[in-house]
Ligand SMILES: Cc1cc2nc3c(=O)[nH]c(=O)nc-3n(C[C@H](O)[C@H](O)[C@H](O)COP(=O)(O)O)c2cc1C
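Next up is one chain by itself, shown in structure tokens, the form predicted on its own.
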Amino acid sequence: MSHLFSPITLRDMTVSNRLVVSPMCQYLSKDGNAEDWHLMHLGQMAMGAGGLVFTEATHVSPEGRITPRCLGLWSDDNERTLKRVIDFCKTHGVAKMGIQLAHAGRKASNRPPLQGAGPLAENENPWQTLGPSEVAYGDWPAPRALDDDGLAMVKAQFVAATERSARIGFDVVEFHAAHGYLMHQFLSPLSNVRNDRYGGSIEGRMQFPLEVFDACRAVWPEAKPVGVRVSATDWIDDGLSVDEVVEFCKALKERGCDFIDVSSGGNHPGQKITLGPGYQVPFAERVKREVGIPVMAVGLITEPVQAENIVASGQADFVALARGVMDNPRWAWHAARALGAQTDYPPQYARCKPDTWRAAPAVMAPAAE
């Protein structure tokens, strides 16, 4: 029996397999609204690309967007347009649907990648970015440090977006505390140099992310799971360490967190990442072992046997893919076939399941004389 294609239950949610479609920014929203593109993109993923499919990073405020074209959930229009997409996925798909809620902090106010990336110029309607401290990301504009009123505002925005997520009908919510965005900025000593109770040691630096988590967990349905994506290391000297992230994850578990999605990096342009197949899996394994919480592993996981071994060996409970399923939304179907396992197909595609149909070898017609 395949471990990768075995079910797992978090609270009252049972996921049919351990494959997760990671959040993938699409940069095709207008005013934060989900468009037809999102219906197509998430709709095809919901057909079986994973047992659990996440939206792209969905921002809790206009100023929290990475770019002007990022998805959001701060308005009634945002909620209405995203509900249309999720209703479609739930009606026709076979996956559980998750949302990743985010605030870009000092890495906001950027151009979409296809427009050159980098901070918006003065003639491109940039906005003031926010952060734990007035420390810039490289040579980008410095953020405004959040005061008490600003912290209360951001927390309220996360709470409101969580409530909207519940009304839309998402099965799970994940809070983005990785890749150099606002919650990661609070956790890292590279971006958080505050001298109040939200700075200093890791106990102080994780205080605001924990307060946001507590406030959101309180309004999220008790029967539904909630998780956090973390960057396990900043990949730079004197940055956020794995030891500190383990302490943060222990505190999250005590507060009712159901899983940790373990990534790395993104908070300093000088990071030195050692890439290789499954290069972040050891981070996930350590969090799982030392915290005792389900974890998701992500990063250069590309082959079915590789993914199977990660779950079977107990290194992680889930394997998350992004580029792999963008390249092949039917990756899970082919992986199940390779592993001799079964996976879910939507009814309208059931005719192509291997046990109901076999493609005969092509027969070449004789050449004409």
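Predicted, not measured: the structure shown is a model, and the values here were computed from it. Note that residue numbering begins at 1 and tracks the sequence as displayed.
Omitted from view is the form predicted together with the ligand, to which the following refers.
J.: Out of A332, A316, V53, A57, which one falls within 4.5 Å of the ligand in the predicted bound form, going by heavy atoms?
T.: Looking at A332, A316, V53, A57 one by one, just A57 meets the 4.5 Å heavy-atom criterion.
J.: Since exactly one of A341, A322, A312, L28 fits, which has a heavy atom within 4.5 Å of the ligand in the predicted bound form?
T.: If I apply the 4.5 Å criterion carefully, the residue I get is A322.
J.: Answer for V295 alone: is it within 4.5 Å of the ligand in the predicted bound form, judged on heavy atom distances?
T.: No.
J.: Answer with yes or no whether L300 is in contact with the ligand in the predicted bound form, where contact means some heavy atom within 4.5 Å.
T.: L300 belongs to the contact set for the ligand.
J.: Wondering, does M13 line up within 4.5 Å of the ligand in the predicted bound form on heavy atoms?
T.: Result no; M13 lies far from the ligand in the predicted bound form.
J.: Is Q100 close enough to touch the ligand in the predicted bound form, meaning at least one heavy atom pair within 4.5 Å?
T.: Yes.
J.: With the partner removed from view, which of 175 to 183, 75 to 83, 135 to 143, 204 to 212 is the stretch that lies within 4.5 Å of the ligand in the predicted bound form, judged by heavy atom distances?
T.: Selected stretch: 175 to 183.
J.: K96, A166 and V219 - do all three of these have some heavy atom no more than 4.5 Å from the ligand in the predicted bound form?
T.: Not one of the three qualifies.
J.: Even though the chain is shown alone, can you say which residues of 20 to 54 have a heavy atom within 4.5 Å of the ligand in the predicted bound form?
T.: Contacts from 20 to 54: S22, P23, M24, C25.
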